[in-house]
Each structure stands twice: as C-alpha cells, then as structure tokens.
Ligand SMILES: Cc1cc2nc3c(=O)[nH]c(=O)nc-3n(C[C@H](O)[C@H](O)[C@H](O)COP(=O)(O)OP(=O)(O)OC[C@H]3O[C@@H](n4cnc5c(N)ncnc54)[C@H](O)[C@@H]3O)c2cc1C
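One chain is shown next in structure tokens, namely the form predicted alone.
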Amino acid sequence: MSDNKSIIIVGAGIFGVTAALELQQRGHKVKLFDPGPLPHPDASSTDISKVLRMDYGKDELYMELMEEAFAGWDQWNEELGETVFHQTGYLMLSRDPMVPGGLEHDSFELLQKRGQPAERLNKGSLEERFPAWNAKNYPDGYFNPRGGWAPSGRVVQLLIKECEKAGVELHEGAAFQHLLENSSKVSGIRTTNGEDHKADIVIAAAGAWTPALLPHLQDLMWTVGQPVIHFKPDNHQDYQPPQFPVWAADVGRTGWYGFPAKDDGILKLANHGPGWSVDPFGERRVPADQEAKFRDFFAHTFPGLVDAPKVADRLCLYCDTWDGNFYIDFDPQREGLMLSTGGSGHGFKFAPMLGKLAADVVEGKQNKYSSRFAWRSRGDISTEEARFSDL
C-alpha cells in the first residue's frame, strides 16, 4: 500500500501506542481507543519494570531484532527527556554446568558469534562480583552488559504523549464492543457507549483482552496470569547495580527472574510457570500459596532476602499465543482487520520495533522479521520454547 489509510487501533498498551505513533508519523490518520485510564492499570505494560534482554537460546531472529530494539531504546533515552533504558546488564545463571541445548549455553554461544561482550562466570567470580547470590547453587552462567530494564508503565505514558503530539486522535474512556462487519469485511468498531467509528483498517492491539474481545482467536491465543511480588529489604542498597543487576536464575527450568531494587527500595521478583487461565475482565488475585514459594526460592538463592517484607503482589496477564510468537498481520478471514498482539510475556522489550513491524504490514512492506509474526494456523510452524516471562 502506498496511499494513506484511516486506521483504528483498539488498545493503548505497548503494541497499540507504538503502532499508533509509527503509523501517524508515516502519514496515516490514526484513532486510538482504550477504556482507560491511561496507562491502563491492568495492562501488562503497566508495571514498574520489564526486562530488556537479547538472550534467546539459539533463536537468532529474536536476538537480531533486539539488537535493533536496543538502538531504539538508546534513542528514546535521548528523545523522551528521561532515562527509560536502565542498562544494568543481564545476569543469566545455571544450577548446573552449561551444556549445548540449554538456554544459558546456547544464548552465550550465540552472543559470542554475534560479537556481544558477554562474560562467562563461575562460582568464584559470582561470589566476588555478585555477593547476594548463593554461588554454590549456581556454578555456571554469564553476565551480558547489554541488558537491563525499563519502567514500562512510564514508557507507555510517555509514548501516549508522543502520539498526541504527532496528531493521533486519542479516545480514552471508549471501550470496544464489537467490530462493524459486512459479510467478511471489517469497516470499523462500535464502542460500549453505542458510537460507531469507521476506518479502512482496524488493528486489534488489546493485549490480554484480545481473545476475549475477538473470540474467533481463542484457538490461537489465550489469557494467562503469572505471579509478581514486590519486596522491600532493609538493606536495599545491597540489591542494586552493579552488584545486583537484572537476573535470571536457571530460568528455562525454574522460571525465576527479577530486578535490582529501585531507589525507593522496592525489589520486584517474578516466576514464569504454567500460570493460570484468567478472565481479563474478572478479579485478579495472586494465589495465597505463592509468597511461601517465593521465600523458599530466596532461601536457596538470595539468603539475605528470606525475611524481606512483602509490600505488594500482582497477577500479570499475558496474551499467550500457541507458539510463543506475536501476531502482527491481517486476519485472512476478515478483510480490514489486523492484529498486533500476542506478546506471550516477552513482547515489551521490542517496543522500539513493534510499531515499525505493524506499520510495514499495513503498508505491504516486507522486512526480515515479518514472516515470524505472520498469520498462521495452529501447528503451521515449529519453534523452540524460549519465550519466558515478561523479560
């Protein structure tokens, strides 16, 4: 497509705001709808932090995509008026010696191949450089200095402001009710207040709400809740960079990952496991047994945190796809409907690239990543399981 389009985007989380900004800057006329308030407090993007990392085992496409995204994060640090990429580095450790086929080994090998400055660690170097760890339980791993975290809710807030500056028509408080369809052609949306809005293209970017709003997608993606707990240790300075960066503790097998303590003392920890099937419109509650599970992990990994007071918890919702890859493409059965969703717990880090990927699809432009996120029926492709957590 070379002509400019009128475009409705449903959802102002990270997929929606980045698509809106890029498309508006390319000359399209964009309307962005979200029930609000913005950033939406229940959106996956709205959190104190998300991990920025390029470590994906053997999956070179994601590593390459993240290399480009890091350049975008560096640029946002310059352009958005505040630091949104905190480059603490990323510590990836294993309970056993790293071996081929393991997430840590294969990530380290690919980082070396691509010239990234990852540093191999052993028990001695872990004890010396990162003393909070129980090093005897993590004898192998590496530190990748090209990694860190972003204040995700704040990033969405800043990007919404950029959208408004660019001329995006923001409809905060306007909740999606259903598509406007004539046979198999989509021509717009109806909001819950009964208003109809027309456009050439509707982009569904509603994150965890997507399969609930568009039930025909429920065989391809679904809503899953994962536990997050915030602690506040008395000596929080001991859990800050450089001696305590963003980390993953044998994450491919255990699901444990976390962040350094912020200046207010809050330390975020999360576990990615099977999760729980969740109604995105329903109540969100972390199961009562999770705190004990988290403290047991502390006992084996960070003994100094065993008694750290808990200050908050959160059930973070993901829009998981059947293969862990995003959907950024047109719906082949509904002309005029496009998806930009399915973050599967690892989409936020690619924020500087997500809008570009979506805009290329709108304009019919191929890029080297589009085939991974193209429309596919369940079972069309095979992909390794390296899509852990909100990393």
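Since the structure is predicted, the reported quantities are computational estimates derived from the model, not experimental observations. All residue numbers are counted from 1 along the displayed sequence.
Keep in mind that the form predicted in complex with this ligand is missing from the display, and what follows is about it.
Enquirer: With the partner removed from view, which of 79-87, 104-112, 129-137, 171-179 is the stretch that lies within 4.5 Å of this ligand in the predicted complex, judged by heavy atom distances?
Expert: Looking at the partner contacts, the answer comes out as 171-179.
Enquirer: Tell me, which of T223, Q226, T301, N144 has a heavy atom within 4.5 angstroms of this ligand in the predicted complex?
Expert: Selected option: Q226.
Enquirer: Do heavy atoms from each of H236, Q243 and P260 fall within 4.5 Å of this ligand in the predicted complex?
Expert: No, none of the three is in contact.
Enquirer: Would you please decide whether C163 lies within 4.5 angstroms of this ligand in the predicted complex, comparing each non-hydrogen atom pair?
Expert: Judged by the heavy-atom cut-off of 4.5 Å, C163 is well away from this ligand in the predicted complex.
Enquirer: Using heavy atoms and a 4.5 Å limit, would one call W209 a contact residue for this ligand in the predicted complex?
Expert: Contact with this ligand, yes.
Enquirer: Though only this chain appears here, would L23 touch this ligand in the predicted complex if you measure heavy atom gaps against 4.5 Å?
Expert: Because no heavy atom of L23 falls inside 4.5 Å of this ligand in the predicted complex, the answer is no.
Enquirer: Does G343 reach this ligand in the predicted complex, with heavy atoms at most 4.5 Å apart?
Expert: Within the cut-off, so yes.
Enquirer: What residues, if any, in 21-37 have a non-hydrogen atom within 4.5 angstroms of this ligand in the predicted complex?
Expert: If the 4.5 Å heavy-atom criterion is applied to this ligand in the predicted complex, 21-37 yields F33, D34, P35.
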